[in-house]
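Heads up, the chain below is alone and in the form predicted on its own; it's given as structure tokens.
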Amino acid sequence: MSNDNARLLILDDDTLIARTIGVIGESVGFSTRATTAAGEFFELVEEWNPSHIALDLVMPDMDGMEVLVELAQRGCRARILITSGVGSRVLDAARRSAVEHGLVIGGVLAKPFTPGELRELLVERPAETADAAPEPGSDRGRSYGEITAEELETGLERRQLELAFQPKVNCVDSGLAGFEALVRWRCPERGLVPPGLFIPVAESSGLIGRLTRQVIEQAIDWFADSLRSCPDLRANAWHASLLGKLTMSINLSARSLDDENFIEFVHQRCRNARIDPDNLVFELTETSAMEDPVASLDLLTRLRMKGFQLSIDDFGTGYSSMLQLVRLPFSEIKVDKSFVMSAPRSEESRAVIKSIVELGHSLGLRATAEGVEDLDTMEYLKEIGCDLAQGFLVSRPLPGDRALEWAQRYLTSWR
């Protein structure tokens, strides 16, 4: 029996394959429609509002890439399955392009595929989007309009920044390794604003230093006062011993590297909270470390001398990854989630992950993979010796109180 909300629209120039996809879709509860013409396809997109789309890349009148671009321009939010016989590398490139356009990708299927492979994508596999999935109650998908520096400055003055904490675990034994602090802005007029919209405003307006300090203050306070001082955890000697080894990761903007008093500020906050600098990990993207190479080298070297850890974030997506690894004193290399999320279906992505992990280990760096969403990927990370993992398989980012509850449950059940 079909579900009125589960509608599968199929665009394929092979009527037999389209019919087969439709039969498989109906077997798992979908209403289905199929067409071989792009014009009729877009009419159905508007009139029928499909929840899922199965799209062949190779079409005679309008190829699949053109269709994907048009869907993005129309703001399509259907879950898209890309199919083709063009080969895995082309399929993977099409998937990446679709994600960059903001489309929701349910997966890719190389022809010929089995009914079981299609069913899995229709009912089981997590969708991939350009950004992480929204937190419950967030305002993802809404239009925020232009954010001004004056609005953001008011938000900072009123302490409207909030943090969410995403756990990191050891790949080998799944033990808790730490958390990453992720900032949000709860604006009374705009709702919960994601960092991608207000961080650039902070950087261009000179507010990034104040913003970064507020993030550090909140992250250290939660880490020291809520997590490491939790009575329920400290009552257990084994849990208490683990608390001292946990790390807190904080993203650091390149513009913060111009702050001459930054090191003293963060070092004093750690002293006041009785936190060893080794428990803090500052994450920088490789491109941000390039903006002022001399200033970044000076400040990052001094941070390492004080005992803080440094992570090169989103490794493998910039143009000077190797140069940054050699010139800057990193202690961790973080594999970009675009490779990790596509690992289950891309041999090339698995090869890249393995190479990055091996490169990091050869330089004495800890390797962390972000964007881990399924057990197969976690097993692969264990197999290649990756050190740490974070992603929705472990936990979504959580507000402070829920992150503490999660840690209590996790440590109790893990041992």
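As the structure is a computational prediction, the values presented were derived from the model and not from experiment. Start at 1 with the first residue shown and count on from there.
The same protein also has a form predicted in complex with a small molecule, omitted here; what follows describes it.
A.B. asks: Quick one: find which of 110-118, 82-90, 168-176, 336-344 has residues within 4.5 Å of the small molecule in the predicted bound form by heavy atom distance.
C.D. replies: Single hit among the candidates: 336-344.
A.B. asks: Report whether all of 13, 22 and 64 sit within 4.5 Å of the small molecule in the predicted bound form, measuring from non-hydrogen atoms.
C.D. replies: No residue of the spot touches the small molecule in the predicted bound form.
A.B. asks: Under a 4.5 Å heavy atom criterion, is residue 50 part of the interface with the small molecule in the predicted bound form?
C.D. replies: Although the small molecule is absent here, residue 50 would stay clear of it in the predicted bound form, with no heavy atoms inside 4.5 Å.
A.B. asks: Residue 392: heavy atom within 4.5 Å of the small molecule in the predicted bound form?
C.D. replies: The answer is yes: residue 392 has a heavy atom within 4.5 Å of the small molecule.
A.B. asks: Counting only non-hydrogen atoms and a 4.5 angstroms cut-off, does residue 373 reach the small molecule in the predicted bound form?
C.D. replies: Residue 373: contacts the small molecule in the predicted bound form.
A.B. asks: According to a 4.5 angstroms non-hydrogen atom cut-off, is residue 98 in contact with the small molecule in the predicted bound form?
C.D. replies: Flag for residue 98 set to no.
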